[in-house]
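Next up: just one chain, as C-alpha cells, the form predicted on its own.
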Amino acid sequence: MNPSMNSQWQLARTPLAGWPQDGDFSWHETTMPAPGPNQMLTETLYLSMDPYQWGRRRSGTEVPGEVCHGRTVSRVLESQLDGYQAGDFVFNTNGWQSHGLTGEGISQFGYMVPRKLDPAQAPLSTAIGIMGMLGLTAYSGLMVQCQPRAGETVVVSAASGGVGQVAAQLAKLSGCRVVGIAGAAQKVQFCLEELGLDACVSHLDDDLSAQLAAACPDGCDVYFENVGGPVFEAVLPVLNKGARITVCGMISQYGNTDGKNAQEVWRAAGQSTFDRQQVVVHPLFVGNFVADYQQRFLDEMGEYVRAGRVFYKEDRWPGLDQAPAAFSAMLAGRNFGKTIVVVRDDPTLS
C-alpha cells in the first residue's frame, strides 16, 4: 500500500456465481480523504470478514464501484468530530479500505456512531469479534431469544466459527450440556479441548445424523443455527418438544443459484417437526438488540474475557491485499475462528 494514498477494494460487478470469483473485486488507490466539519479521518487497523457481506453483494444492496462493506477497528488520525481526537481507537465502518471518513454526511455504509475502545479493557481486535457485533449476535440469539436453562442440551452448528464458539461457551456458562457441530478434525478437537464442549461431531462424516443422535441422548432443547442444509436436517430428529431455535445464518446456502429463498426452504423443511414438537423459531437480526442489550453484553462479556472464562480464536490474514482471499476462505469454511484482516500493525501490541 502507498502510505500517502487511500487503498481500497471496490465491488467490480454484481457477483455472477454463487461464490466469490476472480473479477468480483477491484483494487484502487485513491486520494487520501480530508475530514470536513463534524467528521474525522481514521486509519483501519483490523477489518472484519463476515458472511452477511456476501448477501449484500449478491442482492444488489452493494453496487459496483462502491467500497466493499466491512466493520473495522481504526485509529483516529484527524478529527473535527466532537468527542474524538487524534490517537483514539474506535469501532467503526471503514469498509475494505485503508482509511475512511466517519461523521456527518458520510452515509455510504449507513452511519453508525463510532464506539471508543480502551485497549486496557480488552484487545482492540475483539471489538470486531467476541466484544463486537459477533459477540452480541451470539449473546442475543442464545441468551435473549432462547434463554437456556441449566441442565438443558444446546446444539451449536459451526461451533468453531466466530459466532458459534461464543454461543457454545455462553451455553456452557449457563450450565447446559453443549454439543457442537464442526468440520475438520482439528476444529472438532478445538471445540472439545479449548472450548470445553461436552461433545462435538463433524458434518463431514457420512453418519452425521447417527453421531448427533448419540451425542444428544436426551434430545436437543436449544439449537443455534449457523449452517442450514444437511446439518439442519440432522438436527431435526433430536429436537425436543418446546425446543427453541435461533436462526443466525445459513452459510451452506449462501452460494445457491436456484433463486430460492434460503429461509423459506429452511422453514419448509422443518415445519412438520416444528408443528409436532411445538418448536419456537426466532429469526436473528443483531441490529434489533443493540439499543436494549449492547451495554449489558459488553459488561458481562468484558468480565468473562478479562477473567479468562471465555476463550476466543482469530483467523488472521496479514494485509488489506488479502481481503478477497480471506473472504472466500471464510465463506468456504476454510477459516478457523473469527476471520480478521490485519490492515496495519496494532500499536497497542508493540
Ligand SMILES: NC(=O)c1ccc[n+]([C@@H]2O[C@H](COP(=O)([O-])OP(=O)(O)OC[C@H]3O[C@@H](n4cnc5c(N)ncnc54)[C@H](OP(=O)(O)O)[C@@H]3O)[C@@H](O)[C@H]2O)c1
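Only a predicted model underlies this, so the values are computations on that prediction, with no experimental measurement involved. The first residue of the shown sequence is 1; numbering continues from there.
Just so it is clear, the following notes concern the form predicted in complex with this ligand, a form of the same protein that is not shown.
Taking a 4.5 Å heavy atom cutoff to this ligand in the predicted complex, the contact residue among M131, L195, L170, V227 is V227. Of the listed positions (R75, R177, H203, H99), a single one reaches within 4.5 angstroms of this ligand by any non-hydrogen atom in the predicted complex, namely H203. This ligand is not shown here, and in the predicted complex it never comes within 4.5 Å of any heavy atom of R244. Heavy atoms of T126 never reach within 4.5 Å of this ligand in the predicted complex, leaving it off the interface.
This ligand is not drawn, but in the predicted complex it has a heavy atom within 4.5 Å of D50.
Contact annotation for G249: at least one heavy atom lies within 4.5 Å of this ligand in the predicted complex. Note on the interface: of 156 to 164, 234 to 242, 271 to 279, 89 to 97, the segment with non-hydrogen atoms within 4.5 angstroms of this ligand in the predicted complex is 156 to 164.
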